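Have a look below at one chain only, the form predicted alone, in structure tokens format.
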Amino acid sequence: MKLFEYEAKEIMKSHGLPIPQGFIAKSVDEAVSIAEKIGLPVMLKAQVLVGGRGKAGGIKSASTLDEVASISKYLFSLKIKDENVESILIEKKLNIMKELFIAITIDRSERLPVMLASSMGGMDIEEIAKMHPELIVKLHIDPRIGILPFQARKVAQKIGLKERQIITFSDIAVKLYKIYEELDAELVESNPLAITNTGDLIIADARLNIIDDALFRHKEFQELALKRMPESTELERLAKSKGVRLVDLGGEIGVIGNGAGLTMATIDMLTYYGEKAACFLDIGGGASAEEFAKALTPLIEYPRVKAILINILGGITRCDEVARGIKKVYEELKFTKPLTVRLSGTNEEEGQRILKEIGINAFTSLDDAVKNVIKQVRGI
């Protein structure tokens, strides 16, 4: 989940990090009032959850209140990569002498957090990383220890900082990693990290992305996450609201499997016979009856899903547990959609017996199950 710049800066400020004075405006009048309050000149920064807003004209400076009014009016009318600008961050303009870059993220190849820093920050940091990788300093972090101040000081020296700036940079790096760790972040970044005319280091821009799979540990963000899923479909948002993670594939047959490979094979077989799956929903190994009941709920509620296919190869997941989950849904919800079940493996006979109690005859062959659900959808 991505946070807006102003939200990221509020968190950074609460951790004692240096950020410019600023407030959020949701109208032109508010923008003018804030600029008058903090004093001119100011920066007006469109708040969107996509990159490249600077190049798209989403960041402007203003030296008069008239400029604040005209620029904010323009920004509120702007669309950046299909995102409307609904709020603007008004900040006191910094006198920036140099732009640095600092970020904490994950190095998947090393399976470790990594701090990235550069003496060349700004809008073209991605190009700098490609064309001049030697300008990017990397520090892999032992998650059992975190960033030690002496390590951060060495990085500061490598990017050309001197004297008190080295100490300040070290403090910023340690605090950014603390945020990264505490919030289960995917990325904590300041680009640029500005050196002002007084020699101070200030977080001029901020990004903070939180790993979706860790949001259950951060209740303060859960409601926000449901609202902030513009890239997700209606089915995916419905599923997430039920505590279920799935990928919407656009078809009419909901697919649930216990394992990624098995679920993909089920989708492939549907495709082979000319039908498209509504979703990829891997319930995983060892799922309980309650977990299966929860997984079924969004597929039952979503109107585009015309039928449901459950494919279970019992190993760690017991077929009787799956059957109990299905029975639970039948008993608690108004189940009107055709359901096809393939059960094979551990406690298969008991699972089939439980399903027969609610009128479902489970298949042992995936091919037969797929053909059956296709007949249900096509009304054959």
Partner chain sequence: MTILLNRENRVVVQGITGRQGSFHTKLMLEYGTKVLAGVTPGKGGIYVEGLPVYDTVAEAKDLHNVDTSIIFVPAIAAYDAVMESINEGIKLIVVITEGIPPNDTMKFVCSAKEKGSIIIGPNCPGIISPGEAKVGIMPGFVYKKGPIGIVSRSGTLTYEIAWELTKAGIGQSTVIGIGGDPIVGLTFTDALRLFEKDDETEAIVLIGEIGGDAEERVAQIIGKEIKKKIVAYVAGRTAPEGKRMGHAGAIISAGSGTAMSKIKAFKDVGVEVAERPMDIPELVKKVMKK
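Rigid core: the largest C-alpha set superposing within 1.5 Å between the two forms. Since we're looking at a predicted model, the values are computed, not measured. Numbering follows the first chain given and starts at 1.
The next section is about a form of this same protein that is not shown, the form predicted together with the partner chain.
From the list 84 to 92, 213 to 221, 192 to 200, 294 to 302, the contact stretch for the partner chain in the model of the complex under a 4.5 Å heavy atom rule is 213 to 221.
Taking the partner from the other structure, the partner chain in the model of the complex has no heavy atom within 4.5 Å of any heavy atom of residue 34. The shortest heavy atom separation between residue 181 and the partner chain in the model of the complex is within 4.5 Å. For residue 175, no non-hydrogen atom is located within 4.5 Å of the partner chain in the model of the complex, even though that partner is not displayed.
By the criterion of a heavy atom within 4.5 Å, residue 131 is excluded from the residues contacting the partner chain in the model of the complex. Contact with the partner chain in the model of the complex holds for all three of 108, 268 and 315, each having a heavy atom within 4.5 Å.
Shown without its partner, this chain lists 262, 135, 97, 78 as candidates; in the model of the complex, only 262 has a non-hydrogen atom within 4.5 angstroms of the partner chain. Only one of the listed residues (187, 123, 225, 167) places a non-hydrogen atom within 4.5 angstroms of the partner chain in the model of the complex, and that residue is 167.
A displacement of less than 2 angstroms separates the C-alpha positions of residue 135 between the shown form and the other one, with the rigid core held in common.
After superposition on the rigid core, the Cα of residue 248 moves by 2 Å or more between the shown form and the other one. The Cα position of residue 113 differs by less than 2 Å between the shown form and the other one after fitting on the rigid core.
Between residue 82 and residue 237, the Cα distance is smaller in the model of the complex than in this structure, by no less than 3 angstroms. Compared with the form shown, the residue 237-residue 179 C-alpha separation increases in the model of the complex, the change being 3 Å or greater.
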